[in-house]
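Below you will find one chain, with nothing else, as structure tokens; this is the form predicted alone, and questions on how it binds or moves follow later.
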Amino acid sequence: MIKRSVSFYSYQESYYTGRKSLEELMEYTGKTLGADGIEILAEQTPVGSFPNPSDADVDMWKGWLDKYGVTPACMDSFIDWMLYKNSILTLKEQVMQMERDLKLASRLGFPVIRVLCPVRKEVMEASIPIAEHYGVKMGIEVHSPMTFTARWITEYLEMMDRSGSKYVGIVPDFGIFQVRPAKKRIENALRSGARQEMVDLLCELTEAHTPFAELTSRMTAAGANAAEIGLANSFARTVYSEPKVLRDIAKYIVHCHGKFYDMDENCCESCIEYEEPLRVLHEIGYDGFISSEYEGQSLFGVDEFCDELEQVRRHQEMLKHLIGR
């Protein structure tokens, strides 16, 4: 069964400006949105003191979970392998950071940690016994421009098969299903001098999954101005994956990231496909969470208000409609 959760990365401006506390965000997610679970970045919205909250902090956290009717879905892990200016962390040091995060996730009740895709497979493989000890799965995030056929990921899949462990898997990020620039990004470009006909051409090219080099060449040949080239360049790291690819990696999926940039008034995402990927997840029998992950904050100017809570509400409404609960 697919369950709805919210990544608290979505609430970053609300949290850092002090408009909402961690507890208030948990209340909004559980009581107002009716989401099943929550996902946190333990360094960004810490429970007590990261990475070693007191027992009292953990008890308080668990009390909030009960009070607001939400379940820990996933905790995000960041292996800071460039922690020092003059050296890269050794394999042992990176595994120690992974153990730090697995231990914290276990204390807070998270069954999964999401691991950023640049983390080497050797770090994940060496951490499997630790994950098994704490009972927490590690999921490497597949995030655009990465694809499931890239060597980096196929080698991960080979390692997972070789290990035979259920404590290592994949977290697909729905940014891999992006088909056009976000509506807010387009509005910004139009205000900066982009022409509607050129924006329409760009969307036609991105919806046809045109490779980036060809896309920019076609835009330049059509006489694109600086604002239009800037809009095209926003797709430099966007590589589309067919939703059917989820069938091929079904047994590896431990969590899903519902990336989104711009939800309109009708609760539709302006640039990322959702209906087909969710249909595939239903068909393969995916039993787990999909976390709403809002990343549209950067599209707003310093004098503009970004209503993160409303954006997340709209996304949750869309998910509720598409997954039927």
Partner chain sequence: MSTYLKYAIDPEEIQSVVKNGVAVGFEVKTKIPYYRGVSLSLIDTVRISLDGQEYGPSDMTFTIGSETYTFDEMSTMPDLRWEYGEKMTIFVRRNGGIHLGTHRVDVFIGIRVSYMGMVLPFSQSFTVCPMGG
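Residue numbers count along the first chain shown, from 1. These figures come from a predicted structure and were not determined experimentally.
Although not depicted, the form predicted together with the partner chain is the subject of the following passage.
Asker: In the predicted bound form, do 34, 66 and 115 all reach within 4.5 Å of the partner chain through at least one heavy atom apiece?
Answerer: So, no: the whole triplet misses the partner chain.
Asker: Want to guess which of 66-74, 269-277, 294-302, 24-32 is within 4.5 Å of the partner chain in the predicted bound form, heavy atoms only?
Answerer: Only one stretch passes the 4.5 Å heavy-atom test: 294-302.
Asker: Which residue, 83, 203, 150, 91, has a heavy atom that falls within 4.5 Å of the partner chain in the predicted bound form?
Answerer: Only one listed residue qualifies here, and that residue is 83.
Asker: Answer with yes or no whether residue 199 is in contact with the partner chain in the predicted bound form, where contact means some heavy atom within 4.5 Å.
Answerer: Looking in the predicted bound form, residue contacts with the partner chain do not include residue 199, since no heavy atom lies within 4.5 Å.
Asker: Can you work out whether residue 78 and the partner chain are in contact in the predicted bound form, taking contact to mean some heavy atom pair no more than 4.5 Å apart?
Answerer: It does: once the partner chain is placed as it appears in the predicted bound form, residue 78 has a heavy atom within 4.5 Å of it.
Asker: Classify residue 43 as contacting or not contacting the partner chain in the predicted bound form by the rule of any non-hydrogen atom within 4.5 angstroms, answering yes or no.
Answerer: Residue 43: yes, in contact with the partner chain in the predicted bound form.
Asker: So in the predicted bound form, does residue 317 come within 4.5 Å of the partner chain, heavy atom to heavy atom?
Answerer: Residue 317 lies outside the contact set for the partner chain.
Asker: Can you tell me which bits of 47-68 touch the partner chain in the predicted bound form, meaning any heavy atom within 4.5 Å?
Answerer: Sequence-ordered list has one entry, 50.
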